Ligand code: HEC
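Take a look at this single chain, the form predicted on its own, given in structure tokens.
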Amino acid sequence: MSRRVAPPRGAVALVLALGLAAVAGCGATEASPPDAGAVAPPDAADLTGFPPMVVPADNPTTAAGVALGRQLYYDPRLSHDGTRACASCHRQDRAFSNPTTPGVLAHINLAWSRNFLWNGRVSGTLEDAMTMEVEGFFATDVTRLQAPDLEVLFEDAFGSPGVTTQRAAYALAQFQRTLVSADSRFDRYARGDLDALDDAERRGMWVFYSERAECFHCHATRLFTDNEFHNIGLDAEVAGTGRGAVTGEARDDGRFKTPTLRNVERTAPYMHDDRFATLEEVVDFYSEGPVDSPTLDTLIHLGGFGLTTEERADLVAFLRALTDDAFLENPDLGPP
């Protein structure tokens, strides 16, 4: 029988405390009490250790709103030519990412995000991000959505007739708030099931939450992201790239958003430019590959962290323990 190892609770508690403070300071406000018929997303997941979910007062999450958003997420009529939907690039079996679409960030726990896209070109709420998707990415002609079946869903969701791009964006935001991943084997272990992780995964967890590898600083809290931007040493030439392309500030060059590591086993390829095909390649990079540039993050070790072969394998094992099968297979998140 394998020996059960308790999680590094001191380190986890510190990371959670720091992350909660960071997320709480994002500038959003708590929603007013929802109207009758509103639902508290998600209605089943155990969110112990998660920051509070902030919902704008003008867009409470309702069952009808989520139903409309789910329909639109999978409906090609959202696009200007009727050929693609959100789900075309965000497949549930790939944790709402896509291995064949370059630069796609997974749609996981975006309810807690305040910066969107790899360079943070959109910031604010999910409503802001979905407005960009509807008006910018899809360039939706609202008349395409004025079909009898959708008109009924819009009226149910918002209490009056009318199909608008804003309503479409708000409904998509409501559905996005149900895309919550919180039931991986790591989560069950953190909730007290010490048999949920095997020996290698527990060793990998210790590497993850140690100063040996520094992973937990950026992949913070139970969200496994600090929702900030970092230059991790991918390239020596970074001028005008990443966050710097948005802000115009040289100090932001080469800095890209920290992706969540939840379901990371399913979200390959990795990095903003998809340069790594496997988790092993990613861990090898951090172990031996970061290069210098003017904005390199202070947490990154030039030449890598020098992890041993066993440490690398254990770390990959732990990352795979962040896979949430219930999220990946939940029929309520799939096509209506």
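In this text the structure is predicted, and so the values were computed from the model without any measurement. All residue numbers are counted from 1 along the displayed sequence.
As for the form predicted together with the named molecule, it is not shown, yet the points below apply to it.
- A heavy atom within 4.5 Å of the named molecule in the predicted complex is found for one listed residue only; from P102, G159, G240, P76, this is P102.
- Of the residues given (R91, R167, R203, H230), H230 alone sits with a heavy atom within 4.5 Å of the named molecule in the predicted complex.
- The stretch in contact with the named molecule in the predicted complex, judged by heavy atoms within 4.5 Å, is 231-239, chosen from 244-252, 183-191, 142-150, 231-239.
- Of the heavy atoms in Y286, some are within 4.5 Å of the named molecule in the predicted complex.
- Using a 4.5 angstroms limit between non-hydrogen atoms, V282 touches the named molecule in the predicted complex.
- Put simply, E311 is far from the named molecule in the predicted complex: not one heavy atom of it is within 4.5 Å.
- Shown alone here, Q71 lies farther than 4.5 Å from the named molecule in the predicted complex, counting heavy atoms only.
- Residues F256, K257, T258, P259, L261 of 236-262 are found to place at least one heavy atom within 4.5 Å of the named molecule in the predicted complex.
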